[in-house]
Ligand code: AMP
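Form predicted alone, single chain, as C-alpha cells, below.
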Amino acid sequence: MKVLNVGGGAREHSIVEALSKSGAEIYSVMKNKNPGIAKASKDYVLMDECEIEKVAEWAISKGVELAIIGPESPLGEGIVDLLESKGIPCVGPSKAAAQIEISKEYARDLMKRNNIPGYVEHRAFDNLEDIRQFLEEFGRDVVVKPIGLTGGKGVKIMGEQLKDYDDVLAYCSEILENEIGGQSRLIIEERCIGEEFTLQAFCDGKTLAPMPAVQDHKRAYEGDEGPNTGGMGSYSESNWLLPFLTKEEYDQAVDIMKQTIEAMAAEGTPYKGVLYGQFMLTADGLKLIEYNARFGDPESMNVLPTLQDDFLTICKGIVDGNLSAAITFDPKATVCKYVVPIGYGVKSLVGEKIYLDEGAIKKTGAELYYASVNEEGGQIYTTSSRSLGIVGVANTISEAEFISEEALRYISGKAYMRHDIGKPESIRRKIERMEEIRGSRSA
C-alpha cells in the first residue's frame, strides 16, 4: 500500500519505521532532508508541509492511498480536509477537530460545557485591562498560554519563568502585541502543581485505543532546570504505567479522553487519528493540562518500537472506522534521550556537524531516530531544533537507560543531551514527590 508520510522529525522517522515493518511503500514530504526518512521512503520531496496544495498535488502524482500527518501545523491548515477531498484518507483529524490542539480555548471550553473531569479553571483574554482585573480578583498563581501553536515553547508559569503578576502582565502584553501563537488572544489558567505524564491513543471517531503512559522531560537541563523545550527525552514502563502512576489514575486518564472524543462526536466534530493527552497528578486529583492532535515527540519513540500489532492495519482501522479498542504492545520499558544542538531552548547553533556511528549504535541495541537535521554530502548538520533521538528498549527502565547511554557514546559534535532521564535517582525523586502530593490529599 502506498502511504504518504508528512513531516521530517524524529516523530515521523519513528512513524516511517513502523510503516516499513508493515510493508508499506512510503512517500514522504518534509522540510529538511531527514536521512532516516529518506532511506526508508520509496520517494520523497523537500517542501514546506504547510503548503498543503503542493503536498496534495505531489501525493496524487505518486498514487498515494493513505496519508499519516505527523506535525500539528499542517493539521491546522486543513491538510486532512484537502487530502480527503482528493480521495486520500488520512490518519489525522480534520481542521475542525484539530482545534483540540490548535486552540487551547476550544479544548478548555469543550471540557467545561461537557462536564468532563480534569478541567482546569481558565479565562480567555484579548486586552490587558481585563487581565489586570482578573488577576486582582484571582489572587493565585497562574499559567499564561497563547491560544495557538508555539511549538511547545509558549507556556510560561508564575513561580517559574514569571516571578509575579508584573511579569505575568508583561508576558501577556508581549503575546497580544506580537500575536504569539498566531493571534492577539491568550488564556490564563490556574497553576497546577504535580507530576506530569502523557497518554496517547488511537481514535477512529468513536473508539479509543490507549497506549502505554510516557513521561517527557521539557526542561533543557538536568534536574529539570533551564528553559522549556519541545522535549529532551522520555521513558515508559513495561506495564503501561509509570513508577509514580497507579492503574486507577491511568484508567481515569483514559476515561477523560473517552469522554472527550464522545463530546466531539456529539458536537459534530468527530476525532480520528492519534490523540495525545498531557495530564498532571495534583493534590486536587488528575488534571488535563492540554491535548495534542498527533503523536507526541518524543513520546512516539517510546510506544511505536514496542507495538506488537501491525501498524498499517491500525491505520486502516482508523480511516475505515473499525478500530480495535485493544492494541497490543511488547511488555518492555523504554528510555529516549534527545541529542540537541548547543543552545537549544534559547538560541541553537545551526549548521554544525554531528558525527555518529550508525553501526556502533545499532550494536548497542538502541534505536536511532533522526530528528530536525539536514543531510548534505553525506554529512549531518544541526538545525535550530532537536537532532537525534536515541531509544533503549529493555525489560526494565534501568536496563533501557543503560542501552541509550551506551549508544550516546558514539555521537559527538556541538550538541548535548540530558543524561539524567531514566536514571534511578531521577525516578526516585518523582516517586517521592507523588507520595507527598498523595499525602497532602488525605491531610
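Throughout, we count residues from 1 along the sequence that is shown. Treat the numbers as computed from the prediction; the structure is a model and nothing was measured.
The form predicted together with the ligand exists for this protein as well; it is not shown, and the discussion that follows is about that form.
Only one listed stretch (356-364, 326-334, 283-291, 237-245) carries heavy atoms within 4.5 Å of the ligand in the model of the complex, and that stretch is 283-291. By the 4.5 Å heavy atom rule, the three marked residues Gln99, Ile116 and Glu262 all fail to count as contacting the ligand in the model of the complex.
Of the candidates Asp167, Glu222, Glu196, Glu174, Glu196 is the one whose heavy atoms come within 4.5 Å of the ligand in the model of the complex; the others do not. Val143 is the sole member of Met111, Cys90, Val143, Ala201 with a non-hydrogen atom lying within 4.5 angstroms of the ligand in the model of the complex. Contact annotation: Lys218 falls within 4.5 Å of the ligand in the model of the complex, judged by heavy atom distances. In the model of the complex, the ligand sits within 4.5 Å of a heavy atom belonging to Glu190. The ligand in the model of the complex comes within 4.5 Å of no heavy atom belonging to Ile314. Mapping the unseen interface onto this chain, Ile157 counts among the residues with a heavy atom inside 4.5 Å of the ligand in the model of the complex. In the model of the complex, the residues of 101-127 lying within 4.5 Å of the ligand by at least one heavy atom are, in order, Lys104, Val120.
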